[in-house]
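As a starting point, one isolated chain is supplied in structure tokens, in the form predicted on its own.
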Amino acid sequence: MADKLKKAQVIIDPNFVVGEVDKRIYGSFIEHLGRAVYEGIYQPGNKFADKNGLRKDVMELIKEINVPIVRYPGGNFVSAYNWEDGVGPVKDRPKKIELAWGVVETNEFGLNEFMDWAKQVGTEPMYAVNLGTRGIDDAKNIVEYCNIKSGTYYSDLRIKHGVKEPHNIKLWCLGNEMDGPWQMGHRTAAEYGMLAARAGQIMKLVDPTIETVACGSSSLTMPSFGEWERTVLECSYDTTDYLSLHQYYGNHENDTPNFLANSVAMDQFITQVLSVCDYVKAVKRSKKTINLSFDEWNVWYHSNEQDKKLEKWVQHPHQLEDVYNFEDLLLVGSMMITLLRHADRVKIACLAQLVNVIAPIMTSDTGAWRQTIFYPYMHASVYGRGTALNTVVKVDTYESKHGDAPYVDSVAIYDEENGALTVFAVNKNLEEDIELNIDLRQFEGFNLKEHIMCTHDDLKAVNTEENPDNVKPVSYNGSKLEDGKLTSILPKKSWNVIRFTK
């Protein structure tokens, strides 16, 4: 029976590496949007909230993922946001209309509350400054507020607000999606490139230890794609450390094979942006390499129609609340693998977002639960620390609108220091199991620890508060290691984590 199975061969060697995995590739995103902040991470009076209103049940799920960075406060939100509105006594903070999402922002939760939350969940901030309606001076001021110890106007203002020690925020986004006509203060590439250069320069004069992320294209389909990246980098190369990418994926046509092939499109996007980065490096004859921050990525399409019906100027409505299904889990797994296969240059990535808004975690007043996409994200973050190996996958492909798509996506992560090797694999074949073969004799002394697998008969299966474990991973006995050679059966339409320890 086994010899009739379709087969995939994975070839890896500890000496053939892509690059070290920067833990920040497992980042996420909290924007003042919908119920991400209010009723998500912060809900005073809720039975799960601590004395500061932070949801402890949500914290525990976030700790389970081990999220290393969280981008904040936006997103489209940041491009018309005055950070000063969210600091100081809460009773004095203004309620304002929020133009990006058509709601009212109370400013009850702001920078210092976010930093308190970040410490409690064990994550670091990736803070975005407003380069839409504001500019260089405000960018300078917020770095001073956050990172200078004391003795200046803004550092002393932070102390007056009850925060004695500086936040020491080291990663800063220079605006958000400034190529998009929907963005408050939208600019041309040259306008934004010069602004990013000047903002980055003055922010680094305040704190030379920070890193900056300049806005790349909001998606691969932007008409200015490529030319935008080139112009922005030509203007801001010396003060920019990373270039951002954003892309969301949907299945409006209900065509699962094409939907799952979006990992091919993601790979193409990364490769094309890197080509532009390296072109500018060559033209400038620079020794500096610009790496990538894929700081918005996810599946997003389920909630589009219901969001069109939302009433305007209300507070934290149910907005962008995609309910994720099992096929979404498969694509998120493949996209996580794609990011890791580019670990040499993709150093930061943020699954957007973290709670309630297109998120792996959902809440109600009575609880919090894991959506289907929680699992590949969590598995990659927990087991994917180390070195990404050059993972060659020999397997059949199928035709898709993005080009030939492999039936199996896979990457191996080698943690030599801790004696661990993990193989992530997605079988995108909807009809047939696939036999996976790996020669591991070059990993002497490693033993098969476990094979975690997630599959479901129904591609549209979802998790709910009433049925939170409808889709969940299980321990699977589909792998065996004999004489240094692994044979593993990847069930049809499945996410797989195969772990080895020394």
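Note that residue numbering begins at 1 and tracks the sequence as displayed. Everything numeric here is computed off the predicted structure, so don't read it as measured data.
One more form of this protein, predicted together with a small molecule, exists but is not displayed; see below.
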item: Contact at Y26, E124 and E211 by the small molecule in the model of the complex, all three, heavy atom at most 4.5 Å; value: no
item: Contact assignment for the small molecule in the model of the complex, among N356, N176, S293, S263, heavy atom within 4.5 Å; value: N176
item: Option touching the small molecule, based on a heavy atom within 4.5 Å in the model of the complex, out of Y398, W369, Y248, Y279; value: Y248
item: 4.5 angstroms heavy atom contact with the small molecule in the model of the complex for E39; value: no
item: Contact flag, L436 vs the small molecule in the model of the complex, heavy atom cut 4.5 Å; value: no
item: G75, heavy atom within 4.5 angstroms of the small molecule in the model of the complex; value: yes
item: Contact of L340 with the small molecule in the model of the complex (heavy atom, 4.5 Å); value: no
item: Contact segment among 296-304, 91-99, 147-155, 194-202, judged by heavy atoms lying within 4.5 Å of the small molecule in the model of the complex; value: 296-304
